[in-house]
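To begin, one chain is listed below as structure tokens, in the form predicted on its own.
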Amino acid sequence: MHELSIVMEVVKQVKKLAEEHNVTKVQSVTVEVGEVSGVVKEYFLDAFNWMKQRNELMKDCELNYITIEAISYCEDCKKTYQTTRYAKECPYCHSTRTYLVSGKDFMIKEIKVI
């Protein structure tokens, strides 16, 4: 379960920023997670809830999990489409000359503090 290591890195980054800005409580953390990033939402949420209980700074922290849709681009017909629905083949021209333009990333978008 690599979600735990991702959560550990999120907590590490939040703690670092909190120390830099003399923050004593984190109210919420918002993450944006691509739907083809490989992160399993339920595992991530469980790992986050487990980790926050072990950290006084984030004990009451709320997690906002935003899923970013996977979109691919077809080099032949120049159209975009939902990747998870059609995979690597373009649904318009059936070309396989496609590439992912969004939906693979993971980012801490916002941290709210008290």
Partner chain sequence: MLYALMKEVRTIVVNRSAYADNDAEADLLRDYLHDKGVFLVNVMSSPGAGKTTTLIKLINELKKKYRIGVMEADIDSNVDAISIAKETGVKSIQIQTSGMCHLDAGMTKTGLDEIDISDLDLVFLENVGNLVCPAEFDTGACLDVMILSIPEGDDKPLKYPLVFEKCDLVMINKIDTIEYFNFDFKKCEEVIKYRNKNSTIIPISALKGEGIDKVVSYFIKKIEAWRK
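Positions refer to the first chain, counted from 1. Computed from a predicted structure; not experimentally measured.
We do not show the form predicted together with its partner chain, though everything after this point is about it.
Every residue in the set 27, 37 and 107 has a non-hydrogen atom no more than 4.5 Å from its partner chain in the predicted bound form. Residue contact check for residue 93: none of its heavy atoms lie within 4.5 Å of its partner chain in the predicted bound form.
Though the partner is left out of this view, residue 88 does reach within 4.5 Å of its partner chain in the predicted bound form, counting heavy atoms only. Residue contact check for residue 102: none of its heavy atoms lie within 4.5 Å of its partner chain in the predicted bound form.
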